[in-house]
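Next comes just one chain, in structure tokens: the form predicted alone.
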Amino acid sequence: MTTRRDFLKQSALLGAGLTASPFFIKAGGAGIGANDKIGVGLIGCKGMGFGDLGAFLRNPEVECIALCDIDDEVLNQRAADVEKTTGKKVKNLYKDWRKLIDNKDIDVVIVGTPDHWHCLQMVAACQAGKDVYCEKPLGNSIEECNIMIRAAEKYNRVIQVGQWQRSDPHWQDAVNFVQSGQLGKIRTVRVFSYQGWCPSIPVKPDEPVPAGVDYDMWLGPATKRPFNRNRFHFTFRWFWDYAGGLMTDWGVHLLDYALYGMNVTAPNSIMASGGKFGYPDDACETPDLLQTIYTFDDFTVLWDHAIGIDDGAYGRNHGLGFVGENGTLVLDRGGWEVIPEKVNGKMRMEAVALKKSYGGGGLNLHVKNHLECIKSRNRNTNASVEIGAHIAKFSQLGNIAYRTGKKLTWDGKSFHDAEADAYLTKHYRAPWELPKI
């Protein structure tokens, strides 16, 4: 994990266009020098995947070899954007992601597609000898995450999951304070995401597939349905076929730090309550309000989300509150602070004024860490496949508790409840099959 000292060192190196890695090894195993190129290909160009590519291209050793998207309009626009940024035309444009993975000039594949595609594409890239930067959440089911771990191990690939807060130094400083014991006994961790910018999705009719869109490829392993714009591009995340709503979209970022700060893994039990309370008649399937309680031996983690509202805890719209006997540490993307407990007029600890984000750019540092690990063949990236899988599965536990309406126990493999266990694996639409690793 990057410390603040590491961050300052990395920032200086980034400014000089250099790398902190002491030696360089090509993704395929052949030695390369500091000035040799690392070929990158992006699958899924519309949203965060293109932001990831931009962070890669800020490193002088990276060259964009190929772009892939099922939408011609998006693909052509992003190709023009890359050419404008780099001064070089992208050599290869694909609508079938398998052709990108077959390209021998590509060392690293960025998987920026909707969640339901992550497993198939990451595993195929690993099998082809490519390293992978995979957007979060890692997988769209618990079994997909297990498969992705096995693929990375079997093919010895260097994976970075797009949980870039793992490379943002002020988050690490906050965890160090939590683990110092100064807060005293921590009873609960409040984790919240209130997204006022995210509006209701009005019901829209099905329509013909737009020109230039390979809709069957967009669906891939998901259930065959008529084309509907609500299920396409950004808003796919509000439908169970493709994603898990705000719980898996923001939850993997924030819940990750709850577990990291408390140094725990699996809860003893999970229960959840919520629903479509804000927008009962809109098109979304996932809940617009949800509370999930994960119970551990002597504390709880509470997940709380709402769409269309910004008023979360502590005057913030997202973050965590580590609630201790002496005080509460509050952490979000803007920084962290400690609010003392005041009992009978006496404060139990000193306040810690807001320590703002150091402004180094977590995503840029995250990609830098990935590139350094690729060169050294160090699989222990800041957000390794194991880290990404663990928190993706943890978020899935909350959604499964919500969808069953039951208080569940989890032994790492099964709920020992037939209804809940039915959610462990996604059923793929032919001819796509769940990878066997």
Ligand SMILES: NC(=O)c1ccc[n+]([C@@H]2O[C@H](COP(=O)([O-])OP(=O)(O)OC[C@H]3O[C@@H](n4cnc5c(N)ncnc54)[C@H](O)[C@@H]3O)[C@@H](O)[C@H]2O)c1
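Each residue number is its position in the shown sequence, starting from 1. Remember, it's a predicted structure, so these values are computed and weren't measured experimentally.
Not on display, but discussed next: the form predicted in complex with the named molecule.
> Is there a heavy atom of P287 lying 4.5 Å or less from a heavy atom of the named molecule in the model of the complex?
Contact check for P287: no, nothing within 4.5 Å of the named molecule in the model of the complex.
> Wondering, does Q121 line up within 4.5 Å of the named molecule in the model of the complex on heavy atoms?
Heavy-atom contact with the named molecule at 4.5 Å: present for Q121.
> Would I43 show up as a contact with the named molecule in the model of the complex if we use heavy atoms at 4.5 Å?
I43: yes, in contact with the named molecule in the model of the complex.
> Can H170 be called a contact residue for the named molecule in the model of the complex at 4.5 Å between heavy atoms?
Outside the cut-off, so no.
> Which one, 291 to 299, 180 to 188, 210 to 218, 334 to 342, holds residues whose non-hydrogen atoms are within 4.5 Å of the named molecule in the model of the complex?
Comparing against the named molecule in the model of the complex, the contact stretch is 210 to 218.
> Which residue, D241, D282, E143, D249, is the contact with the named molecule in the model of the complex, using a 4.5 Å heavy atom cutoff?
Checking each option against the named molecule in the model of the complex, the one that comes within 4.5 Å is D249.
> Taking 4.5 Å between heavy atoms as the contact cutoff, choose which of W303, Y257, W97, F322 touches the named molecule in the model of the complex.
It is W97 that has a heavy atom within 4.5 Å of the partner.
> Let me know which residues along 95 to 123 have a heavy atom within 4.5 Å of the named molecule in the model of the complex, or say none if there are none.
In sequence order, W97, G112, T113, P114, D115, W117, H118, Q121 come within 4.5 Å of the partner.
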